[in-house]
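Starting off, we have a lone chain in the form predicted on its own, written out as structure tokens.
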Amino acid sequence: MNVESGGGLLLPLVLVHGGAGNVPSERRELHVEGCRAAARAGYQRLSEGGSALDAVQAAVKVLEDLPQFNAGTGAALNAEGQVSHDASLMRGSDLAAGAVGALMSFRNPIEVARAVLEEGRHVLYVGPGARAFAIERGFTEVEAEALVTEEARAALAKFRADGGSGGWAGGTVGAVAVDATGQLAAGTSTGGTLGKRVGRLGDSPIIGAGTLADDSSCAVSCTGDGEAILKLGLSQVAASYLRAGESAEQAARLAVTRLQERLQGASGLILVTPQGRFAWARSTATMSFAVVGAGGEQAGI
């Protein structure tokens, strides 16, 4: 077990992750810099008067546009060599949420998830229904190949050559934020498991599993073994530890430990409270992160 935790900064703040996994040493700084850029973009929205939800969306969009992560452009390919995105957003004040799953041919699924949240009729759209909703709301499709990188093709080729083993891709991205008044938001975006079956959904678009924001407890974004995170409802587990009186650091640590002990699942998560206490924990070799707040910033992996 390899876990880490953070501390606190003056409100407001944005905390992001670039996915639990094992990033090669020569690429780690690239991941750290990507997270730092995303956290700064999110904090900029807060400093301009934007909401915590605005900040999370801005941060995740930056990460989706960076091909080193498994989200947006450069996401892991499914069994048919396609990019298929999952993403979700949640606002802690009223528990409003929006998510999309198995969405193809849109550059920034987090923006479509925001549109789902704002419409308010449903929480989650998937597959053809998600595509139809996105088009109805004015989003423009891109050529599928525009989202595929040579690195993603190489990873799928190796996956197939290895007989379909080691399908977890890592690199899911997420962000949590708290504004100056203590209101929370969270978001997560991913291309999912490498070589996944068409139609598979992981934890990232599922509220209470991969993403949670509730002003009565915390905002959480998870990353890791999606099937295990789904079974345990990892973000709710972390929140339950906080509600039971644990600190932010202990809640993050205990949730990740529980997933590993109960389901032998590898994971990581980031967490922030309305008071500005924040934490991150991982059971993997790496999980890039960055936090930017009124009191400063830090980043690492």
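Remember, predicted model here, so these are calculated numbers, not experimental data. Note that residue numbering follows the sequence shown and begins at 1.
One more form of this protein exists, namely the form predicted together with aspartic acid (ASP); it is left out here, but the text below deals with it.
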Quiz item: Using heavy atoms and a 4.5 Å limit, would one call Thr193 a contact residue for aspartic acid (ASP) in the model of the complex?
Solution: yes
Quiz item: Could you tell me if Trp168 has a non-hydrogen atom within 4.5 Å of aspartic acid (ASP) in the model of the complex?
Solution: yes
Quiz item: According to a 4.5 angstroms non-hydrogen atom cut-off, is Gly72 in contact with aspartic acid (ASP) in the model of the complex?
Solution: no
Quiz item: Do Arg107 and aspartic acid (ASP) share at least one heavy atom pair within 4.5 Å in the model of the complex?
Solution: no
Quiz item: Considering Gly226, Gly98, Gly92, Gly101, which brings a non-hydrogen atom within 4.5 Å of aspartic acid (ASP) in the model of the complex?
Solution: Gly226
Practice problem: Would you kindly say which of Lys231, Arg200, Arg137, Lys158 lies with a heavy atom within 4.5 Å of aspartic acid (ASP) in the model of the complex? | Solution: Arg200
Exercise. Could you tell me which stretch in 107-115, 201-209, 126-134, 144-152 has residues with non-hydrogen atoms within 4.5 Å of aspartic acid (ASP) in the model of the complex?
Key: 201-209
